[in-house]
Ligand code: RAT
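A single chain, nothing else alongside it, follows as structure tokens in the form predicted alone.
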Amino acid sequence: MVNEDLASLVARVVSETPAFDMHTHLYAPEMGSLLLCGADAALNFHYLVSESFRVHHMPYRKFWALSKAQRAEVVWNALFRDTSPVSEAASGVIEMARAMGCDTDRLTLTALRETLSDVPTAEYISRIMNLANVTHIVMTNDPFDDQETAFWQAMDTMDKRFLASLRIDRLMNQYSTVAPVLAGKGYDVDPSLSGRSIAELRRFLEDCADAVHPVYVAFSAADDLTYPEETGPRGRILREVVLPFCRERGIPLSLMIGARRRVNPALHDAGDSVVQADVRPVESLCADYPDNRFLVSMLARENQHALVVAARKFHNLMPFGCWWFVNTDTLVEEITRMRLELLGPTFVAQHSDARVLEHLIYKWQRARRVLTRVLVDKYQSLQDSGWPVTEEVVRRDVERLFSGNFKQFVGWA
């Protein structure tokens, strides 16, 4: 029988404790149109776009030929008029609309557009972050995106609540494609990694880091990540460029493993899928590079247990969040319970992965509800065993899960 006082205490503390959102696809407001917000942006979110095709069956080319506003109307009609918005992403729109003051009894697309601003003013950003109770947002910064890097020289003057991470997917997974790009920017590299290529790739990362001051470096992989990787350029770049760079800079490498890209290219960003991967490369990296730190999130449900067991063996491995297809209430609860049972409160509980500013609201509201349910059960078991659970104890643990573990692991002050 759950103690009502304990349940109320945990719910209050979880609600009051600020979160540090350590992985998003949001951008500082000074980066202009890169920061997405508003109803049309929310409805063009690729989770919803993919779901909508199961209802409207519109030919892909016809859908993508529509304007952003027209696509939003198609998605709205499919998921909020012709069916009930019970999916994770669709019900999230209802949740953020309600938090922003909409009458969800009679919610219309017009009302949603009137309530959610498509202009991210400083005041609007603060309002969203306050509703989500988020203090800082970590961006995903791609050094090969010219639209984004055009803003990098002014990074030091941008909103301090937005922090950078250096996303190097294209360097790691498409090196033959980006080598000519780097050469065009003045780096003496070639596709075979001969000559000065390794030293020049280090210089490239140093230049990027000097510009954006990343809290971590990241790249994603499917089930093809191996270590040691003897064929192809990725293994050498990892060993001779990325790991030494991260170690000397004192920042972690974040690995996001299990996304199978472009299963259905006609869906654009919504066309990626999931694949079960091997955890052994992560274990080997942690063992061979004890002075490097690794933030790791895996996309397949089947990988979660092995990842947590690996974290028990390597203190330089930090599991974080529940990503993409495992970011549903059911799976977040399952994964969080498992992590607490095997690691205690020594992991990063969640990140939003938000692509639209207002996503922060429902992503973090849901994360808080799930964590409350799990912690109430765990603390009740402790109390039943005679262990004292005080407000101070609860606040300490929740602060670690929402921000403290991450800040300590990346060395952020």
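Given the structure is predicted, the values throughout are model-derived calculations rather than measurements. Start at 1 with the first residue shown and count on from there.
Form predicted in complex with this ligand: not shown, discussed below.
Engineer: Answer with one of F63, Y379, Y47, F53: the residue that has a non-hydrogen atom within 4.5 Å of this ligand in the predicted bound form.
Structural biologist: It is Y47 that has a heavy atom within 4.5 Å of the partner.
Engineer: What is the one choice in R81, H315, R249, R261 with a heavy atom within 4.5 Å of this ligand in the predicted bound form?
Structural biologist: The residue in contact is R261.
Engineer: Where, among 85-93, 318-326, 236-244, 222-230, do residues come within 4.5 Å of this ligand in the predicted bound form by heavy atom distance?
Structural biologist: One stretch meets the cut-off, namely 318-326.
Engineer: I'd like to know whether R339 contacts this ligand in the predicted bound form, with contact meaning heavy atoms within 4.5 angstroms.
Structural biologist: Outside the cut-off, so no.
Engineer: Going by a heavy atom distance of 4.5 Å, is R355 a contact of this ligand in the predicted bound form?
Structural biologist: Heavy-atom contact with this ligand at 4.5 Å: present for R355.
Engineer: Check R395 for me: does it contact this ligand in the predicted bound form (non-hydrogen atoms, 4.5 angstroms)?
Structural biologist: No.
Engineer: Taking any heavy atom pair closer than or equal to 4.5 Å as contact, tell me whether R293 reaches this ligand in the predicted bound form.
Structural biologist: No, no contact at 4.5 Å.
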